[in-house]
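Read the single chain below, which is given as structure tokens and is the form predicted on its own.
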């Protein structure tokens, strides 16, 4: 099971937590549907013990959680909030006591607002602060953590947030986007070094939402669009980490817009990793953009007609997951991977105490089969995390989209196991019996 701090914790103004860019963004009119915020979310900050009992009851043996940077460092600097640290110590101890492995994400998009005010990821100082955050988490919690990752989906906190303007801070500028991409990569490298200096044996990685890209049509132009789209949206994140360079095709097209002296950071960025995480939900079909003045990669997504979609509008196709994994392992020399997020938004409510979300069961079943197919094709997958444990604050969609296997009544905070949760528990039980 997987969650993220801002999406479930709430208690946004309690016990010394500082403001994050998502606090600011969600409180800005028009940025999040219905004006929803993460102020209260699922109140996991106060209900963590019963939530961990819920995880245990499902037979899940590993829990992927994120640590809110502004809860530990309210201003993102060197001043540690010990109350915030104590919360995560008890949360992780609670997992250990229940026999649940702990996979920690350091950055799931909640950049301290104080650092954002000073340029955010485009400011090189932010990477140094992040490395200090990573070292602190590892120093105090590393002995009870089973795996740690630096970033969750850096594509989202760069391209989606600074180029497309959909996520916090909501800007639309290519130069800034490239500076943020590079700043995050450099922060990742420094954080890996910091983690290893504190706890050399702690499995360390990163989580990417690599896109499973297909041509919208059969034309050569569409096939070329796929290549450019892959170069920008996938390789800009894979190549620095695993090849120590940016894609030459992208640099030829827009490299002049990269931050100065970026070349000097490549050795820092390209750190050996113990694993990487893959978040997958839906395939991407692309063609050429209609805008003749568009910068590289000059592509746009196409929504196909007459296909199955989740309630958020994402096409359902598990074959794209195994296809993408096989292709990536053919293209790169990659460490083993975890499927760190996979799930679907279906918004059924509680009727007579039951949430009948058969579509989610079908989705999970087909995608777990796709994972098994990838493994049979020699992709080294070490684990699978369903997204998500429970319904939560779904970023720009607010509380309108429900990804949880557990239903949350946001007014009463009552948790109700959906049929998918019962199915998942039975699936895990049968798997364990087969492995005995």
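Positions refer to the first chain, counted from 1. Fair warning: this is a prediction, and the values are worked out from it, not measured in the lab.
Beyond what is shown, the protein has a form predicted in complex with a small molecule; the following relates to that form.
Single option in 284, 239, 341, 265 placed near the small molecule in the model of the complex, where near means a heavy atom within 4.5 Å
Among 284, 239, 341, 265, a heavy atom within 4.5 Å of the small molecule in the model of the complex occurs only for 341.
Please tell me whether any heavy atom belonging to residue 385 falls inside 4.5 Å of a heavy atom of the small molecule, as the geometry stands in the model of the complex.
Contact with the small molecule, no.
Residue 394 versus the small molecule, in the model of the complex: is there a non-hydrogen atom within 4.5 Å?
Within the cut-off, so yes.
Indicate whether residue 110 is a 4.5 Å heavy atom neighbour of the small molecule in the model of the complex.
Close contact is absent here: in the model of the complex, residue 110 is far from the small molecule, nothing within 4.5 Å, heavy atoms only.
Would residue 403 show up as a contact with the small molecule in the model of the complex if we use heavy atoms at 4.5 Å?
Judged by the heavy-atom cut-off of 4.5 Å, residue 403 is in contact with the small molecule in the model of the complex.
Spell it out for me: taking the small molecule in the model of the complex, does every residue among 7, 153 and 314 have a heavy atom no farther than 4.5 Å from it?
Checking in the model of the complex: 7, 153 and 314 are all within 4.5 Å of the small molecule.
Where, among 25-33, 42-50, 394-402, 368-376, do residues come within 4.5 Å of the small molecule in the model of the complex by heavy atom distance?
Going through the listed ranges, the match is 394-402.
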